[in-house]
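Just the one chain here, laid out as C-alpha cells, in the form predicted alone.
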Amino acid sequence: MANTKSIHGEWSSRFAYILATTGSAVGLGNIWKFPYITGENGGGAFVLVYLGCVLAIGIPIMIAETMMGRRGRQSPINTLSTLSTEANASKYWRYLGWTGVIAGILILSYYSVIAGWAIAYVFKAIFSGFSSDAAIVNASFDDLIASPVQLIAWHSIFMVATMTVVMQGVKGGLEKAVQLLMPTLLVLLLLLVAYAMSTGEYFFEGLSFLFHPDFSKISSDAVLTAMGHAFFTLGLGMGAIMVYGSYLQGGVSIAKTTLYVAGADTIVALLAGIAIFPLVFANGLEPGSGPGLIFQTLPIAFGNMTGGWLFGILFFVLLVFAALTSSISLVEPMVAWLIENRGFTRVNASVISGGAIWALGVSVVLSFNVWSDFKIFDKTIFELLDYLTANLMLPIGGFCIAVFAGWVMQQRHVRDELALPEQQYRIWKFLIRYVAPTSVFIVFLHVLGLF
C-alpha cells in the first residue's frame, strides 16, 4: 500500500509539500491568537511552555497523522476505513476520519467570517486609514460586526477565493497558491518586524516580554492553554494534515518534513509576536487585551505611528494570506471524499463543499447581529461552533490519532512508513503512546471543567 498513489495527484517535490503543509498550519492562530494568548499569560515563560508542548505533543501527533495519510492515500474517511481493515481493527475507526472532515467544515464556516473581517480592514486601511482614537476604532469595529450585509459580502469573497484555488487540484491549485502566498507572507511578516525595530526601546521591551521568562506568571491554566494551542496551531485532528500527507511521495522522510513544518509554524508565530508587541508597548496599549488585540488594539497603534497607513495595509494583507493558506486545507478533505465516493468532478465537489460551508458561515455572520439573542446552551452559533471544534472535536481527534497510530496500527506498517533509526522510532513511539494522548486527555478534561 505504501507505494500506491493518490487518485488526486501528488506534490511535485518535498519542498512543495513543506510549503503547503506549513501554509495549512500557519493561519489566524499564529498571527491573531498566539500574540494575544501570550499577552494574557505573561509572555516569555508561556512561550517556553508552548515550545515544549510543540515538541512533546504536537510533532509526534503530526508525524502520526501524516504517516496515516500517506499509507492510506485517500481522504481521511477512506484512509481510516482502509487502515483499520489492514490492522484487523474495528470498522468504527472510520468515524475518526468523519470527525476530522466535519471539524474542518465547521471551523472554515466561522474562520472565513473572521478572514472576511481582515479583508474589510485591508480596504479600510487603504481608503481611510486608522484612527489613533480608541473610541473611533472600537465604534468602527462594532459597525462592521453589526452589518450582516457587509459581513456576508466579505465572507463570500473569501470563500470564492478559497474554492477557486481548491477546484484547480493538487498541483494546479493548492501547490501553486502556496508557492505564491507563503513566500509573500514571510516577506510581509519580515517587513513588519523591520517596522517594529524602528520603535527603538519598545522593540527591546517587546523582545523582553516575549523571550524573558518569568515563571511566577505561569499558572496551571496557562500551561493547559499552551498545551492546547501547541496542538491546535499545527492544524491537527481536522483531516488537513492527513489529506496533505496522502499526496506526499514515498521515500520522503515524514519525520524530517514534520520538523521543518513545525519549526516554520513556530517561527511565524514568534515573528508575529516580535512584530506586534513593540507596537503595542510604543503606544501604551495592553498586550493582554484578548481577541480584540488585532482588530481593536493594533489599529490604534497603526493610527498613531509614522508609516502606520502602509504597515496597517501590509499587516491585514498578511492576515488574509495566512487565512487563505489554511482555508484551502480545511475544505480539501471533504472535496477528496466527494470525488472518491460520489464520483464528482473536482469542480463540482468544490462548489458543493464551498456552498455548504458558505451557507453555514451566513448563520455565523447573523449570530453577531440579527441572531445575537438566539443561543444554544447559552452560546451564539459562532461561540457554539468554536467550542465544539476547538474544545471537543479536535482534542478527541488528536487523542484518537495518537491511540490509532501508537496502539492499533501494525507496528511493521508504521516502521515501514516512518523509516526511522531504531532509537528515534522508540522515542516517537513512547511520545505517541503515552505522552501525547495523556496530555491531550488532560486538556480535554480541563476544557470540560473536570480538571
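For the two forms, the rigid core is made up of the largest set of C-alpha atoms that agree within 1.5 Å on superposition. Only a predicted model underlies this, so the values are computations on that prediction, with no experimental measurement involved. Numbering starts at 1 and runs along the sequence shown.
The protein also exists as the form predicted in complex with phenylalanine; that form is not presented, and the subsequent description refers to it.
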### Task
Specify the contacting stretch among 276 to 284, 90 to 98, 230 to 238, 336 to 344, defined as having any heavy atom within 4.5 Å of phenylalanine in the predicted bound form.
230 to 238
### Task
Although phenylalanine is absent from this view, report whether residue 24 comes within 4.5 Å of it in the predicted bound form, heavy atoms only.
yes
### Task
Classify residue 406 as contacting or not contacting phenylalanine in the predicted bound form by the rule of any non-hydrogen atom within 4.5 angstroms, answering yes or no.
no
### Query
Does at least one non-hydrogen atom of residue 418 fall within 4.5 angstroms of phenylalanine in the predicted bound form?
no
### Interface membership of residue 29, phenylalanine in the predicted bound form, 4.5 Å heavy atom rule
yes
### Message
At 4.5 Å by heavy atoms, is each residue in 36, 294 and 298 next to phenylalanine in the predicted bound form?
### Response
no
#### Entry: Contact assignment for phenylalanine in the predicted bound form, among 258, 162, 329, 353, heavy atom within 4.5 Å
329
### Query
Looking at 302, 158, 111, 321, which has any heavy atom no more than 4.5 Å from phenylalanine in the predicted bound form?
111
### Post core alignment: residue 230 C-alpha displaced by 2 Å or more between the shown form and the other one
yes
#### Entry: Core-superposed C-alpha of residue 69 shifting 2 Å or more between the shown form and the other one
no
### Message
Using the rigid core as the reference frame, would you say residue 37 shifts its C-alpha by 2 Å or more between the shown form and the other one?
### Response
yes
